[in-house]
Structure formats: C-alpha cells, structure tokens
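In the block that follows, a single chain appears as structure tokens, in the form predicted alone.
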C-alpha cells in the first residue's frame, strides 16, 4: 500500500507528479469532480487545524467524496481504551483513505503498519509533507520552475516544516540554507540533515545550516519562516523564545538582500511582529494565501494519486 508518511520516502519523480497533478486539478477541477464518488476519507485529528480540515474536507467534497472528522479527544483511541492497531484495522473496513494529524510521528508509523488503505501524514511533530508539496507547487507557479532556486528558511529549525523542506528541496534540485540559533533545540534533526546532504550530493546542490539571517537571505529566491510557538511549545517559554529568534525575523531589510523577485512563504498561522513583520507578510512579495489555497489542490492531488495507486478511484 502506498502512503505519504514523509518526503524522505518519496522520490523526486513522485513529488513532481504530485505537483503537476495539483496544478492540473487547480486549472481543471471539473475533470476530477466524480473521481471520489462514493469514496470516504477519514480525517483523524489529534491536533486542531483550520487549513488542514477545510482543505481536505472541501477537496474530498469537490471530487464527489465524503469526509468524516474523527476527533481523537472524544474517541476510544484518544482515551487509551483501544489500540492504534485495532482502530486502524477497523477504520480500513469502512473507509477508502485516511489522513492523520498527530503529535507523535511514531504513532503515524504504527498506523501505517496496519493500514490497508492509503494513509496521508497531515502533520506530525517530525514531518509535514503535504504542506511542503503545496509550498513547492506555489513556488513553481510564481517562479516558473523549481530546479536551481535558492531556498532560505529562518527561525525554529527543529520542527516538521524544516525537516520536510530538507527532505524535499534537495531532491528537486533546490539548494537550501537554514538560518537558526545555535543549539540542538533550535537546529534540524541531525539525521534529517544527513539525509538532506546525501540527496544534495546526488543532485549537485548545497544544504547549509547557518546562524546568521543575512547570510542565508543573500541571493535567495524563496524566503520561508514558521511559527516560533508551535503547538507543543509551552506558553511560558514565549518570552525566552522571542529573544532567541528575533535575530531571525523576516523583515523588509532582510527581504531586500534576496534575489530580485524573491517570494515569501509562511505555512500559517502567522503572528505579525514575530516570525515576520506585517510589511513582509502583507507585502507584494508574500504568497502566503496562494500557498494556503494550494493546500487544497495538493490534498486533492494526493488523494487522487494514492486512491489510484490503491485501485480505489471511482469508475
């Protein structure tokens, strides 16, 4: 069974197919309006979401399918009364495809052991593959290509977005520089960085981690940042984290160091005055709402491709 658990598992060709399919679905939604007829998506939510729920549920509906919102906080799974294995094996008798937005990546991998229908990672603490595929779709739409574009990421790099960028960008021939504070709690997982550097060697690009925002911004085609206060970060750490991350805030001055026509991305939610200034996120180089819209088109593409691979598309 083919799943999307992490971009580490997907090849450049598979990623390119997902991006191309998402762009086709976006341009010609009518061609796909019945491909999920009488097909059901189960959406497992351990973490709350605006964009993930709306994009998957709307996407399934637009392709003729039906989506079930399954909140683990009110379920036997969340209360510990039923195992992951029993839950997933039962679900697979009822539905055609599952997406899961979880805290622990290990729980997603456990689900995959038992899943007999396609499983999509809609976010874990380790990986956020669908988000980065939508991001790459957005960049390609605005820049006309991916290969050779320089990506710069700023801020908290020990997170799912950074890890998925590191898995994805080198495979697509995109050099990436991560600008973050020093320290294991702020830098990418060493195993992810090693995998990214191995992929970069194969495609002839560079992967770097630096501790100076200006160094990363110079000549960059894509500037990306993410929340300094992810869901798992206690609120009492906010003041300390703001102090640590402020040198990596994306400002108009930082943006001015980038290549002409550079675009700014943030996967949202965003706080103006923290990971970026209002002038940047609301400015002409920001594509954050195109990026948010493309979550839906990419999720439609992922459902289409995975259902097709499983032989479960509507006839």
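Since this is a predicted model, take the numbers as computed values, not measurements. Numbering follows the first chain given and starts at 1.
What comes next is about the form predicted together with phosphoric acid mono(formamide)ester, which does not appear here.
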**Request:** Consider residue 267 of the chain shown here, and say whether it contacts phosphoric acid mono(formamide)ester in the predicted bound form, taking contact as heavy atoms within 4.5 Å.
**Result:** yes
**Item:** Partner contact for residue 50 in the predicted bound form: phosphoric acid mono(formamide)ester, 4.5 angstroms, heavy atom
**Value:** yes
**Asked** Is residue 300 close enough to phosphoric acid mono(formamide)ester in the predicted bound form to count, meaning some heavy atom within 4.5 Å?
**Response** no
**Request:** Tell me, yes or no, whether residue 128 is in contact with phosphoric acid mono(formamide)ester in the predicted bound form, where a contact means a heavy atom of each within 4.5 Å.
**Result:** yes
**Message:** Can you pick out, from 171, 150, 101, 241, the residue that has a heavy atom within 4.5 Å of phosphoric acid mono(formamide)ester in the predicted bound form?
**Reply:** 101
**Prompt:** Thinking of phosphoric acid mono(formamide)ester in the predicted bound form, which stretch from 267-275, 22-30, 280-288, 250-258 has heavy atoms inside 4.5 Å of it?
**Reply:** 267-275
**Within 4.5 Å of phosphoric acid mono(formamide)ester in the predicted bound form: residues from 285-315 (heavy atom criterion)** = 295
